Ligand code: IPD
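Just the one chain here, laid out as structure tokens, in the form predicted alone.
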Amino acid sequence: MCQVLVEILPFAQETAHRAGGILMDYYGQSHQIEHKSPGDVVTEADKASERFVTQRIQEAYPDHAVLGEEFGLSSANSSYCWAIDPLDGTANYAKHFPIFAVSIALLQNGEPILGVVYEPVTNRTFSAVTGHGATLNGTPISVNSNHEISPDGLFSFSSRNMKSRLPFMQHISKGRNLGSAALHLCSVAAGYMDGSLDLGTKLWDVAAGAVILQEAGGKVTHPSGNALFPLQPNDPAYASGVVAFLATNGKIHQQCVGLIDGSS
């Protein structure tokens, strides 16, 4: 399957790039903003991008399921499922803040095996296929070598973490929130950040970044340290259920798990 995935990767990259082009066509304009819930918004660009990605995947791989943020899970019954976020960072995008991405992942039996995260403003493409490493614009990337939580290391948190004032955050002096879970994961994969913690994201936000991070030498689990993947077929994540994750360079993972467990 690995060789097949290597052949699928260019398709996923091109799809992400073209979806990013759709986002840039709308970017900077006045948007038709809908509120799915307080603080959770969607624009016409999200929908246009997801329609394009979904149609392209269904035409190329009609036997695969597709799970998208705006339109849910397709009816296809398959061991392969594409998890797509057409615009990760919609709140940023809607306010013309230039940090957002297209996230596309392929899962096999609940395990992410291919991931592409494309940031159209900077034209950065993070990619990975299981067993073949991770790249940024074609150049191999890897996590940093920090072996303990550092006073000057960067660690990202979601808005939910910040609002909850999680005690674990007291151990991190350089906390950051980019507004995109996918870019948080890729930032750890590229060695910019030591780790990332999110208690309330969704499968389409984390699946691509998870395989990219793992192939870059990092680790992603549930904040408890328990395995995050593979998902069972009936996992709530396929029905927009919450996915909580701890992602690190691997070297500080157990230290983080211990601090989270001790502060809960």
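Computed from a predicted model, the values in this text were never measured in an experiment. Start at 1 and count along the sequence shown; that's the residue number.
Below, we turn to the form predicted together with the ligand, even though it does not appear here.
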| query | finding |
| --- | --- |
| Output flag, 87, 200 and 205 jointly within 4.5 Å of the ligand in the predicted bound form, heavy atom basis | yes |
| Answer option from 144, 187, 158, 125, heavy atom within 4.5 Å of the ligand in the predicted bound form | 158 |
| 181, 134, 81, 116 - the one with a heavy atom within 4.5 Å of the ligand in the predicted bound form | 181 |
| Proximity of residue 215 to the ligand in the predicted bound form, heavy atoms at 4.5 Å | no |
| Contact label in the predicted bound form: residue 69 to the ligand, heavy atom within 4.5 Å | yes |
| Proximity to the ligand in the predicted bound form (heavy atom, within 4.5 Å), stretch among 192-200, 207-215, 49-57, 225-233 | 192-200 |
